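Here we start with a single chain on its own, the form predicted alone, put down as structure tokens.
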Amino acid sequence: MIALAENRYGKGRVRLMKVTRHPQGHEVREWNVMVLLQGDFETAHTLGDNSKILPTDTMKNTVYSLARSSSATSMEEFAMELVEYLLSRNPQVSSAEVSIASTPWKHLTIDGAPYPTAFMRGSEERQTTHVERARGAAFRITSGLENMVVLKTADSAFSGYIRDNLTTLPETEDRLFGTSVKATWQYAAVSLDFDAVRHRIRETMLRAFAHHKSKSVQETLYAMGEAVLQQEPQAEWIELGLPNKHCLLVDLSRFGQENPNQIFVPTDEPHGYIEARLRRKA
């Protein structure tokens, strides 16, 4: 006997750009949206009965239509609006979740000042959020960022590790430390200035990264997460992923030259990867 277990469906990679026009200038937001629904969809799987299926094309159109009427300025607020809209109109849906990733745009600087209606694509860093709510339950909001590329040229060491017959890595007290930070945190409330909290968390992580005298990627990861939880009460927990983007010192001795930590080869593959979740003790 076969039974349908957990299942969900939805629409992914719904790309949305919204221009908000003010007399003093414009704002641009570019979001990549995913919608997923759980609910009473068993007969669609077992009998081919689509009577309870909301087409994913309708989900896509819902994103655009709601964006037109929404006054939300943060991804979190818009995601909550979208979840509520889908639950209110679809009684067969037991749970809805929306994930959004943001592509940064910034005003062009012309003659030393931001130009109000011209923009430049920002870095490859992306802001993210994931909002879900089961019918009759509270919202759960986790947000974060990914591909925040940072580099330290001082205060980074790695030594004292296990050495065996396959170890070739030399110990060092002075190395380059580059990484592409991925961070996720859960908010303690659902009514917040999400953009302000996100900004504070991001700045706290960057400050900790810059100031920390690192003995390992693990120690720096902990220092970044610890700083966030100590300074931001609206973060219930934080999870960080830090790939170690190696910069390898070039051996110039064969050319009769010294290399006092100045010439490196940056490489992405393979790389170490360190991940951990931090939370406050009960």
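Numbering starts at 1 and follows the sequence shown. These numbers were taken from a predicted model, which means no experiment stands behind them.
Here the subject shifts to the form predicted together with a further copy of the same chain, a form of this protein not shown in this document.
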{"query": "Partner-contacting position among Arg133, Lys182, His130, Lys152 - heavy atom within 4.5 Å of a further copy of the same chain in the predicted complex", "finding": "Lys152"}
{"query": "Heavy atom of Glu203 within 4.5 Å of a further copy of the same chain in the predicted complex", "finding": "yes"}
{"query": "In the predicted complex, Phe119 touching a further copy of the same chain (heavy atom, 4.5 Å)", "finding": "yes"}
{"query": "Arg207 within 4.5 Å of a further copy of the same chain in the predicted complex, heavy atoms", "finding": "yes"}
{"query": "is_contact(Pro23, a further copy of the same chain) in the predicted complex, heavy atom dist at most 4.5 Å", "finding": "no"}
{"query": "Those residues of 13-32 which, in the predicted complex, come within 4.5 Å of a further copy of the same chain by heavy atom", "finding": "Arg13, Val14, Arg15, Leu16, Met17, Lys18, Val19, Arg21, His26, Val28, Glu30"}
